[in-house]
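Just the one chain here, the form predicted on its own, laid out as structure tokens.
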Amino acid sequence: MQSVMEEKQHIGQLFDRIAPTYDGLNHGLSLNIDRRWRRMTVAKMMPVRHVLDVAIGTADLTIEMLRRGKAEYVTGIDLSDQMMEIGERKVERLKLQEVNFIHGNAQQMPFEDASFDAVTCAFGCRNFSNLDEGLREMYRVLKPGGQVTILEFSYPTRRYIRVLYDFYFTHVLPTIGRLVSRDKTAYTYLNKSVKSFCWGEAFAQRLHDAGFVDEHFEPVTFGIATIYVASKR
């Protein structure tokens, strides 16, 4: 069985495999709570001109920020071409012309320093093979005074919630994910990647170490996910 780190080396291929069923499974298995999390994340953003959406995937966060007037234009980067193809179709269907999809690695982004007014990332940071490199890249491409806003899974602190969470993530989600996506490893990886990832104060400290300031965070839905916000001086 591959370790989480080994699976991260091929993360683009993993998401290519599950792309056709990704949105339906995400919304269904979360009872659409993930949509609410994205709305809450976008609500914390300041309106700007040009946003970089790291790990744009199927573009749900990008669409939400454009709908709510938080960005005039979005550049999205991702390692999964299949996920971005679905995102492009959604953007076209909604007649949003302000999105550019780029295949690329978040840890080695093909952008000049200080290129973007804001940076976002939803459920992508835990997939970086090197989190610190990814956060430093976000800092590098962000303009001084710009804001980074990150939505990521975390771990509930309340004991009874954690017990239910562990059962769901260990048994229910991988089983349904495997049956629907027909991929034996993807949703097992999700469970392992969440449990092995840092969250709360530990993640905020990683933002600080990357150079960001004024970092703060808000756990949502009993701490199942957390929204992080920080700035670049």
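These numbers come from a predicted model, not from an experiment. Residue indices: 1-based, along the sequence shown.
What follows is about the form predicted together with a small molecule, which we do not show.
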property: A55, V51, V42, L207 - the one with a heavy atom within 4.5 Å of the small molecule in the model of the complex; result: A55
property: Residue among F128, F101, Y155, Y139 with a heavy atom within 4.5 Å of the small molecule in the model of the complex; result: F128
property: Interface segment, criterion being heavy atoms within 4.5 Å of the small molecule in the model of the complex, picked from 105-113, 91-99, 159-167, 142-150; result: 105-113
property: The small molecule contact at G87 in the model of the complex, heavy atom, 4.5 Å; result: no
property: Close approach of Y22 to the small molecule in the model of the complex, 4.5 Å, heavy atom; result: yes
property: N26: touches the small molecule in the model of the complex, heavy atom cutoff 4.5 angstroms; result: yes
property: In the model of the complex, R38 touching the small molecule (heavy atom, 4.5 Å); result: yes
